[in-house]
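The form predicted alone is given below as one chain in C-alpha cells.
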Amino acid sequence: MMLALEMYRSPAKFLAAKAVGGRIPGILTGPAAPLRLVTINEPKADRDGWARIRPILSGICGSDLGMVTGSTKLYFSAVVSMPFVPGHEIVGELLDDCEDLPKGTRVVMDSVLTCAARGVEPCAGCASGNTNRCDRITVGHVAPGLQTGFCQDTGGGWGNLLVAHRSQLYAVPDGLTDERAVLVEPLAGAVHAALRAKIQPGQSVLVSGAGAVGLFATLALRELTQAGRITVVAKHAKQRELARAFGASDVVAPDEVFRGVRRSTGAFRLKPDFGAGEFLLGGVDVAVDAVGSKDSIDTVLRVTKAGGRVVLSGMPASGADLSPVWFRELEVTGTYASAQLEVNGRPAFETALELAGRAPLDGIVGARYPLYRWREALDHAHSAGRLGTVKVAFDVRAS
C-alpha cells in the first residue's frame, strides 16, 4: 500500500470548478477539487523492461493545474484512465534493476507512454523517433493514458511509488542536484519547442509568458538556436529578472507588447473599429505562446509578420481569433512534450540534462511541500508568478 494523491472522475466537481474556479481560486483546492489523498495499492512492475521508482521530487505542471481547475479540454478525456495519480515531472530512485540501470540509480522520466512501453509494434511516430506523436496511447497492456501521471496503471509522481518502462528513463549524473533534475522534463519540452520553432540565424522572436514554460523556452532558444532579438512578455518582477538571466534581449509587460514589438521591428500598428484587437503589419519572425490563454494566443498571432511562424507551447484555450492566420498566411506549429529523436539527432532529454547542469537554475524550485499539504501546494502553484515562484514541487520523501 502507498500514500498518493488521486484524481477521480466527478462530473459535478468538474462543472463546479469550470464555472466558478476562475472567480474563486480557493475553491479549486477545496470542495471543488476532484483530488483526494488516499492509501491505495502500489502499481506493479510485472513485465519485462518495467521497474518501480520511488519519487524524490515531483513538480506541479500547468497541465496538472488545468485538470484540477476544470480548464483542461474534454478532448483529452479519451486519452486518460481514471482514477489516476498525477505527476509527470519527477526525479526518483529505481527500486529494481531495469535492464542496464541498476537498482538505486537516480532517474528522470520521459512521461509519454509510447509503443515500447505498451508492448505493441511501433506506430509511425514511434518508428521515426517522434515518440510524442505516438498513436497507440490507448492500447497495449497498459491502461489508456497519454503519459505517466494520467494513466490508471502506472501511478505518478504525486504518490510514494510509480512504475516506468526502460524506454522512458534517463540516469541522472551524480553532480546534478534533485532540485535541478526535477526540471529536466519541462526543460526537455522547451528543447523540443525551440527546435520546432526552426529559427534562422538572426531572426526576431517573441515569447509570450514567463512562467516555467516561457522561461525555459527562452533559455532553450538562446542556447540552441541562433535567434537574434528575443523579447519576452512577463507580468511580474521576478519573471522579468529571470527572463533576462535566461537570455531575453528585451522584456515587456503584457500591455506593452504591441508598442515594444513595433518599436523593435519597425512594424505598423493598426487599431480596428469598435474595440477589436489591434495588430501589426510587420512584426517578429517567430512568436512562441507559452501561456495557452485566449489573450496570449491572440497576441502572438497579431504581432507576427506575414509568412511568420507561431509556436503553441501552452495548452491552448478556445476562442482565439484566427483572422491573422488567414490574412497574414501564418504557419502555426504545435509543440507537445518532447521526442526521443529531435531534429538535432538526439533525445530531448539528453540535451535537457546538459542544460540542467549548466543553466542558472538555482532557486527555480521555489517551494516544496509534502503530499499531505497538497492544498497549500496547489494554491501556491496557482499563484506562483505573483508570489515570485517558478516551480512548486512535492517533496515525496517527506510525505
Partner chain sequence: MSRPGFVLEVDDRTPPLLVHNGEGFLLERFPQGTRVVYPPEALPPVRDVDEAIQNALLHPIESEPLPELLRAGMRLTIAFDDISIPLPPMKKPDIRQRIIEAVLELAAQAGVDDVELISANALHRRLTPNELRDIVGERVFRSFFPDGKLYNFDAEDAANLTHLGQTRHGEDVEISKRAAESDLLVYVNVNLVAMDGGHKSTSIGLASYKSLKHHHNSHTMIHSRSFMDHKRSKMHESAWRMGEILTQHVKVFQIETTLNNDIFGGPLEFLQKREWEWSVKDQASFLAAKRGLAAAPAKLRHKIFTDTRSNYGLTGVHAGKIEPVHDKTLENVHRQHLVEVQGQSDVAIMGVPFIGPYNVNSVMNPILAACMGLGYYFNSYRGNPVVRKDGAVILYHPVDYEFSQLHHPSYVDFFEEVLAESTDPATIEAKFEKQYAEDPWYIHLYRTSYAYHGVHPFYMWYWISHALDHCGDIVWVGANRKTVERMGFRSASTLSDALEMVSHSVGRSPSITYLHNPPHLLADVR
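Positions refer to the first chain, counted from 1. Values in this document were obtained by computation on a predicted structure and should not be read as measured data.
From this point on, the text means the form predicted together with the partner chain, which you will not see here.
Undergrad: Although the partner isn't part of this model, could you tell me whether residue 276 comes within 4.5 Å of the partner chain in the model of the complex, counting any heavy atom of the residue?
TA: Flag for residue 276 set to no.
Undergrad: Look up in the model of the complex whether residue 229 has a non-hydrogen atom within 4.5 angstroms of the partner chain, and give yes or no.
TA: Contact with the partner chain, yes.
Undergrad: Consider residue 327 of the chain shown here, and say whether it contacts the partner chain in the model of the complex, taking contact as heavy atoms within 4.5 Å.
TA: Residue 327: no, not in contact with the partner chain in the model of the complex.
Undergrad: Looking at the partner-bound form in the model of the complex, is residue 266 within 4.5 Å of the partner chain by any heavy atom?
TA: Residue 266: yes, in contact with the partner chain in the model of the complex.
Undergrad: Within 4.5 Å, heavy atoms only, one stretch in 177 to 185, 87 to 95, 253 to 261, 154 to 162 touches the partner chain in the model of the complex. Which?
TA: It is 253 to 261 that comes within 4.5 Å of the partner.
Undergrad: Name the residue from 237, 124, 78, 270 that puts a heavy atom within 4.5 Å of the partner chain in the model of the complex.
TA: It is 270.
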